[in-house]
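One chain comes next, on its own, written out as structure tokens in the form predicted alone.
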């Protein structure tokens, strides 16, 4: 098995506790990724063709070996990115050290537009720290990306977002929808797919009017979006589907070195046994098991017969397949 991208969950601990977090049921886990074993895994990932490693959590910047793991990844000629709330970069010395270690990209998640709202969403006061961290990185000549998770379909949210971006002189934003949260009792769906598609149309009209540079991760079938607006979004390269699962192009390793299908399966590893990356056959043996093969086949399936003849299939993929664990695709796909 070869991969182009790997996600390493360095830790589940976090200085935020977001209400919509895909790993909110595991944040009480204080276990962290063993650094010496991580180095062995990174070596094996390089052999497997991995070009970029994304450090995730929890909050990766509070991982005890955060600087060291960045340096080690870079010493193996791989790119290294992080998904972060950005609060730790409030310390200029820390920000300088991270950049000196050779980090490639930093994506900072914007949680709210006011400190009170930040507290409500994350159980922490962190907006000013995040903004200071963003400013520090820019002062050091590094341009982090900013992302925002859409958790409701209110038009007011988009208005507040635009006003915030203009006020803070943030010129670009990446938007993503809150994804299903999987647990033993089922699949928790925070927003209806048709609500998401309607919100995309609102975003297009308002962002275009204000001349804001934006992109949107689309987790639902593209045919739910108005065809005229969809044409513009595709032409302007505003939409993306970053899911690696159907393509089999990525690998996600949790803090205990168990392989999970993607971040939203944090509680459901392919095996209860951690992968011993010092054994070159261990990863192949796992991917050849019946459960992994069944999962791969399931994730590649067309959710509805109509998808088989759709010329947007390669861009769409039917949306995040986790929706179809509890929804009938024939009720949505046009």
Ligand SMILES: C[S@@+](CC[C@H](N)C(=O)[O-])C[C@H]1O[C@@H](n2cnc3c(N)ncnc32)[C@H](O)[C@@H]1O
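From a predicted model like this one, the values you see are computed outputs, not experimental measurements. Residue numbers count along the first chain shown, from 1.
Unshown form predicted in complex with the ligand; subsequent notes refer to it.
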So, in the model of the complex, is residue 189 in contact with the ligand at a 4.5 angstroms heavy atom limit? no
Can you work out whether residue 307 and the ligand are in contact in the model of the complex, taking contact to mean some heavy atom pair no more than 4.5 Å apart? no
Though only this chain appears here, would residue 282 touch the ligand in the model of the complex if you measure heavy atom gaps against 4.5 Å? no
Quick one: does residue 316 come within 4.5 Å of the ligand in the model of the complex, counting heavy atoms only? no
Is it true that 21, 56 and 84, all three, sit within 4.5 Å of the ligand in the model of the complex, judged by heavy atoms? yes
From 215, 109, 121, 96: within 4.5 Å of the ligand in the model of the complex by heavy atoms is 109
Which one of 181, 170, 101, 162 is close to the ligand in the model of the complex, taking close to mean a heavy atom within 4.5 Å? 181
Only one of 248 to 256, 229 to 237, 172 to 180, 206 to 214 gets a heavy atom within 4.5 Å of the ligand in the model of the complex; which is it? 172 to 180
Relative to the ligand in the model of the complex, which residues of 300 to 324 have a heavy atom no more than 4.5 Å away? none
